[in-house]
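Presented as structure tokens, the chain that follows is alone, the form predicted on its own.
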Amino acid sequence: MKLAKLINPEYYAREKYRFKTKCKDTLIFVLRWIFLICIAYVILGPIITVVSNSFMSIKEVYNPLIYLIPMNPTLDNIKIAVEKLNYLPVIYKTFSFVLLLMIIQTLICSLVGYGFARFDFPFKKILFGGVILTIIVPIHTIMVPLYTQFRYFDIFGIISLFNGGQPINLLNTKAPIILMTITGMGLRSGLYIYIFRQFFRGLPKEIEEAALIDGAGAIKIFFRIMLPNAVPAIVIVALFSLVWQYNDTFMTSLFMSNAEMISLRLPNVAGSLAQIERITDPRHVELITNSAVLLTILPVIVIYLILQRFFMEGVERSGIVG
């Protein structure tokens, strides 16, 4: 090396630069993987614990030699959780309602997003600012007005006129959530409207102009031309709506506190074990509760695994940015 330095100093400088670059790239590679492993552990650690505890017996919990991987896996915890959740009937009712909301929300938000993207009308910017406010302002801040609105539901006094001067009570029914979804105020509807608006703005106007020349109206253009071209955005919004509606506890507990929804039954598992089953060991209760959590998130995981390819394609091709 010394001889190379004396004979050809430029060669020595290039080799030194290459060595420094290789060391830098190696260090960045190692740090990147350390960072990713740490983030993955923070995210996946609780899920791994839930899965492990779901198949672990109470004897193995108190065995200091066993950690995460049970020696004799058991389904006893899952059987008790299935019974306490009334799992299959509740899952069926939950998904029936959630799928209905998903279809309504996707259709309504696509219509509103298309209107904001293509039409000019009075107060357009102000109304779109209201859409942005629904994204920024937490729904918890308007909890009391929402509750009183549907507790004493009336439309400009028309319902009271035909109901003996009394408004109607829509609480403990599915009507409040369905009405909010139909009117574009459902869970995360502001975000979905924004996604559709950005997507439709990215589509060329020439295809609409050609349809107008052929005599098609706005409704026909939307359903026959624009909506089929919006499949990537539809996939994203439909999946987001399905998952968020399924996991929602705020609106369901506010309007449907007595409904057979999986998100409402899950928090009551621990209490029912102590009152009915007389299971007072906190570690045993923890195992059964983790089994109930696993059963709750399992349908979402299965849906994601089935639709992962369509979801990733939708993210790549949608107009979320732009």
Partner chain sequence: MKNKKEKINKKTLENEEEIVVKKSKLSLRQKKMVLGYVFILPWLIGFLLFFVRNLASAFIYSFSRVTIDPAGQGYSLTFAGLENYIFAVASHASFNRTLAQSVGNMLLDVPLIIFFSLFTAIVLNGKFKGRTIMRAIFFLPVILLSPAIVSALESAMNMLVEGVSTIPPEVRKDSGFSIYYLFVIFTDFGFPLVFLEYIVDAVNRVYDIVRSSGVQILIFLAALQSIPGVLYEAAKIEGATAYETFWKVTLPMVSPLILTNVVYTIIDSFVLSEVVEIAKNTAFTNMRFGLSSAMSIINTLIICLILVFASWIISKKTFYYN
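Whichever C-alpha set is largest while still superposing within 1.5 Å between the two forms counts as the rigid core. In this text, all values refer to a predicted model and were calculated from it rather than measured experimentally. Positions refer to the first chain, counted from 1.
The next section is about a form of this same protein that is not shown, the form predicted together with its partner chain.
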Problem set entry | 4.5 Å heavy atom contact, Y92 and its partner chain in the model of the complex | no
Exercise. Any of the heavy atoms of V61 lying within 4.5 Å of its partner chain in the model of the complex?
Worked result: yes
Exercise. With the partner left out of view, is K79 within 4.5 angstroms of its partner chain in the model of the complex by any non-hydrogen atom?
Worked result: no
Problem set entry | Non-hydrogen atom contact F19 with its partner chain in the model of the complex at 4.5 angstroms | no
Problem set entry | Residues L99, F162 and I225 all lining its partner chain in the model of the complex, heavy atom within 4.5 Å | no
Seminar exercise, completed: Only hit among V231, I103, L179, I168 for heavy atom within 4.5 Å of its partner chain in the model of the complex is L179
Problem set entry | Contacts with its partner chain in the model of the complex - residues in 30 to 46 whose heavy atoms fall within 4.5 Å | R32, W33, F35, L36, I37, I39, A40, Y41, V42, I43, L44, G45, P46
For this session: Please check if V30 moves between the shown form and the other one, taking a CA shift of 2 Å or more relative to the superposed core as movement.
Result: yes
